[in-house]
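This document opens with one chain alone, in structure tokens, the form predicted alone.
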Amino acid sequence: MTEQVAWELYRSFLGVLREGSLSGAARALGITQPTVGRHVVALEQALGVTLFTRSQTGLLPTETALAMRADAEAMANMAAALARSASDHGNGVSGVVRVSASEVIGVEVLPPVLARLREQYPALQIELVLSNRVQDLLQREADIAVRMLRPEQAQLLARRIGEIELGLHAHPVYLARHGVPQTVADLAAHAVIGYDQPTAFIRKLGKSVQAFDRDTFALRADSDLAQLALIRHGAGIGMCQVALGRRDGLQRVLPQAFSLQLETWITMHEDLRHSPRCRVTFDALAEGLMLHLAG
């Protein structure tokens, strides 16, 4: 390779990787299918490798293409971050801020916070990423993240909000029908709601949830929102935030036996400390989460 490869070639390559076809990539990128095809061919020629093979189901990535994916994703994240940084223009607070949060925090806690923020700063645009996967702020997948663990990277600015308590809850209607468990052993006679596949977070909890494993759950879902919905509709007993349970009129059970304290942090990359759009969003999220913790 004698010259630098243009970003748009990698962009089309990543689009085909994600979508599995030239047409899918073209729709996702907002360009024509022939353009995507030319970009992929040009990238293969520039790198001297084969990136895709054709099959009846579409384009299959080669081992080389799969090995390149992480770096291509990082390039895409940085390009998006540069575009957001470029939106920091003019006077006042304006531009795009990308916020990452867990499913429950993103759906149950942040919407009123973000609504108030937008009322105060109408030129601000917010991208809310709902994921239980820890977004990599160093790779600029997001500008600001709400995390349930302390960040350890030195390049990140972090503010500890407090601890969110989790406990077992059920709808009063369910408990009226099936009784209130008085001991952990009593849960064997109840419909317990839990996960389907253990995640790294669940494994990290370890002894804190040792009374629970997949086989004990009558209802299983890997989505925390799905589990919360099941609790709210009287399907059984499950784990949720104490503050949310109190807000929704759920009844807590076995509080002495089950109480998990999750540290809550707001983090952003130190390069964004002087960005007006990120600074006001960071402060608004901190204030809103502290109010949530206070009930």
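Numbering starts at 1 and follows the sequence shown. Since the structure is predicted, the reported quantities are computational estimates derived from the model, not experimental observations.
Beyond what is shown, the protein has a form predicted together with the DNA; the following relates to that form.
Engineer: Spot the stretch among 228-236, 29-37, 64-72, 250-258 with residues whose non-hydrogen atoms come within 4.5 Å of the DNA in the predicted bound form.
Structural biologist: Of the stretches listed, the one contacting the partner is 29-37.
Engineer: Please run the contact check for Leu59 against the DNA in the predicted bound form: heavy atoms, 4.5 angstroms, yes or no?
Structural biologist: Flag for Leu59 set to yes.
Engineer: In the predicted bound form, is there a heavy atom of the DNA that lies within 4.5 Å of any heavy atom of Arg246, even though the partner is absent here?
Structural biologist: Looking in the predicted bound form, residue contacts with the DNA do not include Arg246, since no heavy atom lies within 4.5 Å.
Engineer: May I ask you to check whether Leu272 falls inside a 4.5 Å heavy atom distance of the DNA in the predicted bound form?
Structural biologist: Result no; Leu272 lies far from the DNA in the predicted bound form.
Engineer: With a 4.5 Å heavy atom cut-off, would you call Ser55 a contact of the DNA in the predicted bound form?
Structural biologist: Close contact exists here: in the predicted bound form, Ser55 approaches the DNA to within 4.5 Å, heavy atoms only.
Engineer: Select from the listed residues Ala284, Cys278, Leu22, Leu14 the one whose heavy atoms reach within 4.5 Å of the DNA in the predicted bound form.
Structural biologist: Contact with the DNA in the predicted bound form is made by Leu22 alone.
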